[in-house]
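Shown next as structure tokens: one chain only, the form predicted on its own.
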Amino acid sequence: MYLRFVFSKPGISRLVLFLSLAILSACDKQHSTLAPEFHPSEWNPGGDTSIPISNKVRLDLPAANLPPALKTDFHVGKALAQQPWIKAPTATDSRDGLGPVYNARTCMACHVKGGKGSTPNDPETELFSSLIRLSKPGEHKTAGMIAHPAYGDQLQTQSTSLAHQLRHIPSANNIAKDVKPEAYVTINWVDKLIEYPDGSSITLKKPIPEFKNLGYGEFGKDTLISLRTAPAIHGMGLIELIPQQDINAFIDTNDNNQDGISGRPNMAWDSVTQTTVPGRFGLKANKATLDLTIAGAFANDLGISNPLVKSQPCTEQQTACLQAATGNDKNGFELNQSQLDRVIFFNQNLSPVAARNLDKKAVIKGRELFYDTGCQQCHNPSFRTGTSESLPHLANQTIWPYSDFLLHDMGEGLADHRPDFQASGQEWRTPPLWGVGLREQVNGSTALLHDGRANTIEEAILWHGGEAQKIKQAFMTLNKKDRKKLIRFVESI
């Protein structure tokens, strides 16, 4: 809390200051919480865009205040995001060009109903709605990392090969292979026991990827590997409109205020403007803009070329992939500019769902504990969106994402040891918390953190380290009832 006193006479100044401090001291004894007074706007995390809560929760619905005249563009974009792409060439040129190597046939296969992806819980199920990032040691100004020479910077586990499509049928072994998938991936889990000061305990699990049928040779011992689970995609347009100076206000690279928190931006390459800019999208804030985030997903996840990312994810060592037929139009793209614009518009207008239970006694107490333990130091509660001529209904909104969109060192426990632009192998962007308590209702996913290792908010908190170590310890020293109340608050926002 910051107070400013302006007085004209020294005597009055001392008297009023004394009385003010006395009042504050009395209040402090009654209410030790650091939580600010509850603001009614907290009920609507997306401001006027917020979607009312219902029994059938979805995160792929249009902003509540989307003008009727723009709803057609939204639903066209949604249809493009949902449609399954197919192998080229075909009679239709509107949805062919899948792959030749890819991770999913449709955008929403990984972001079902706009929600989180998942990580397989058993070692037999192949990876889907999660993916593997790859790189080699070193830096690259425009790519952010050095891509693997044979596999690129993302592992594609699917291909248009008939042998791959029929791989679970024994007779398919006799089918001639064309474009091989890069690998099949399953997940093994390693347990980690955590004990609370009060004697209770909980078992955490860490995912370890296992690679089978590598299509283009061994990775090499120096390959950097990171498992990533698809994030929820609501609120992206609102995040896009947060003024950069408001995010910059939370930068404390050298921890000058000595609170143990030293958030900093990742500086990512914007291929459109040919400049390096602060990133705010992606798990490591390594994406410069929402446009590039979506265009990159089309190219890398689906193998669909577009005006911003003009090639499929075939490396020079994947000759069959490079020679495969494409679904390119006369301009050389499988997804044209008009289609890309509509998918971007669809993503911009996916809004958060209204908060729940904020007037319940336990949740009110949980809110106080959220601030008392220091969670808000990285999960900054609120921003105000800036102006926008193209998206005026998203402009000037008070929003509650609970993120500062900066990088923080989260410690060795969460490290992937894979740098990306200026983000180190232990740094991650603070993920927004809005709607996190609804993820299972949306599509059944319980996954949390960058690789889906946590199935509950409690587990996610207990994986925190590095800059968040002190905050995690404050959570752990709470009694069990208070821990549940803090979690209930997070589930409500």
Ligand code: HEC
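Here the structure is a predicted model, which is why all the values come from computation and not from measurement. One rule holds for the numbers: they count along the sequence shown, beginning at 1.
The discussion below concerns the form predicted in complex with heme C (HEC), not included here.
Peer 1: Check whether residue 133 has any heavy atom within 4.5 Å of a heavy atom of heme C (HEC) in the predicted complex, and answer yes or no.
Peer 2: Although heme C (HEC) is absent here, residue 133 would touch it in the predicted complex, with heavy atoms inside 4.5 Å.
Peer 1: Quick one: is residue 113 in contact with heme C (HEC) in the predicted complex, heavy atoms, 4.5 Å cut-off?
Peer 2: Close contact is absent here: in the predicted complex, residue 113 is far from heme C (HEC), nothing within 4.5 Å, heavy atoms only.
Peer 1: Report yes if any heavy atom of residue 379 sits within 4.5 Å of a heavy atom of heme C (HEC) in the predicted complex; otherwise report no.
Peer 2: Looking in the predicted complex, residue contacts with heme C (HEC) include residue 379, since a heavy atom lies within 4.5 Å.
Peer 1: Quick one: is residue 374 in contact with heme C (HEC) in the predicted complex, heavy atoms, 4.5 Å cut-off?
Peer 2: Close contact exists here: in the predicted complex, residue 374 approaches heme C (HEC) to within 4.5 Å, heavy atoms only.
Peer 1: Could you work out which of 423, 353, 343, 268 is the residue within 4.5 angstroms of heme C (HEC) in the predicted complex, going by heavy atoms?
Peer 2: Only one option qualifies, and that one is 343.
Peer 1: Of 205, 95, 167, 228, which residue is found within 4.5 angstroms of heme C (HEC) in the predicted complex when only non-hydrogen atoms are counted?
Peer 2: Only one option qualifies, and that one is 228.
Peer 1: If contact means any heavy atom within 4.5 Å, which of 407-415, 208-216, 382-390, 249-257 contacts heme C (HEC) in the predicted complex?
Peer 2: Among the listed stretches, the partner-contacting one is 407-415.
Peer 1: Mind checking whether each of 236, 457 and 464 has a heavy atom within 4.5 Å of heme C (HEC) in the predicted complex?
Peer 2: Yes.
Peer 1: Using the arrangement in the predicted complex, list in sequence order the residues of 99-114 with any heavy atom within 4.5 angstroms of heme C (HEC).
Peer 2: If the 4.5 Å heavy-atom criterion is applied to heme C (HEC) in the predicted complex, 99-114 yields 103, 104, 106, 107, 110, 111.
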